[in-house]
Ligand SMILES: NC(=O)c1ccc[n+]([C@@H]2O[C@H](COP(=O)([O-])OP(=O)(O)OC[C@H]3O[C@@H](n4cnc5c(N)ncnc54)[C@H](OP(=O)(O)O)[C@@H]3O)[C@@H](O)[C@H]2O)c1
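Take a look at this single chain in structure tokens; it is the form predicted alone.
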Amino acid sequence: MFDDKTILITGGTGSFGKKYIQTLLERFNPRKIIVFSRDELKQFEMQQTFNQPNIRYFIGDVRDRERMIQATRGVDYIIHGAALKQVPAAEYNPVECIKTNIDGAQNVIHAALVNDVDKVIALSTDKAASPINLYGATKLASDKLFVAANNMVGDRRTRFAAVRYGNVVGSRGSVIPFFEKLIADGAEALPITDADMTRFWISLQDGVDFVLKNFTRMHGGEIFIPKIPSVRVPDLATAMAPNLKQDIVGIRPGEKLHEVMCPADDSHLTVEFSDHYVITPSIRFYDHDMDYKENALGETGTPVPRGFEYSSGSNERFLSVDEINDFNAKAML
């Protein structure tokens, strides 16, 4: 579906954007890929790898509505990945996080509607489910904006959805590069915030593939959630450095013991498919009535039981230490 299409990626110089562009170029023949981000140095560095004639580098900030409108002219699909994502930084700089993650989301929606973009998928996070930190709260607000935007389309073709997943293995700012640097620097121990802490685990490629498929699955208004394994953080540290001791340092500001992707309070809205869940809209769309138990690919799902919660702490599948090593090795290729 991406052949001869124009795709724009906000925050396109990040880990996800790079893998997404690589995958688009390998599997499709897009007319144009627009990398939209605010860091000229990262764009320059990215151009050393991706310099194909159908790639455009567009400096801009999602906070700037006019620039966003200009960037999305003639665009068919948008992947909205731009966000301030560091939990402690958001706690100490709340207004900046709100401006990018909420105001920026609304600007993307507005630009997509102005320019009659076909489909928009926003990248969300497990921290948006029952959030306890500001980052998660802003991403929940962003999710709500993208869902509600489907009620604003009128006679336009534009549809909006979101994808929510967990920790991406090896992405910039994640725990694996942090541990790797400590190990390389000769650390005598690895810091563990809590011995019982768990996280959802997904590779960058799996995240990209999931987003790609949801462009064909979506009706509009869904929050898509993949079925993925969990890891125990002490097991991750053991897998990476079996001979190092682990120091318990305490949970950071705004951090959870376990992450949730489908909250129990949304169980009446959640539909289970073979390899993913969908949280359906809590509001009614007045211009179209969708049966979210069957997606646009014809896949069918079943409503989950009331009170169902998809949590990293009670997940059906946990990776062992050996499985973590295998998973991480494949994910980093």
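None of these values were measured; they are calculated from a predicted model. Just count from 1 along the sequence shown to find any residue number.
One more form of this protein exists, namely the form predicted in complex with this ligand; it is left out here, but the text below deals with it.
In the predicted complex, no residue of the candidate spot (I102, K144 and F224) has a heavy atom lying within 4.5 Å of this ligand.
Using a 4.5 angstroms limit between non-hydrogen atoms, P229 is distant from this ligand in the predicted complex. Using a 4.5 angstroms threshold between heavy atoms, D266 stays clear of this ligand in the predicted complex. Among heavy atoms of G81, some come within 4.5 Å of this ligand in the predicted complex. In the predicted complex, no heavy atom of T72 sits within 4.5 Å of this ligand. Of the candidates T158, S171, N133, S130, S171 is the one whose heavy atoms come within 4.5 Å of this ligand in the predicted complex; the others do not. Segments offered: 29 to 37, 48 to 56, 302 to 310, 271 to 279. Contacting this ligand in the predicted complex at heavy atom distances within 4.5 Å is 29 to 37. With contact defined as any non-hydrogen atom lying within 4.5 angstroms of this ligand in the predicted complex, the contacting residues in 119 to 140 are L123, S124, T125, Y135, K139, given in sequence order.
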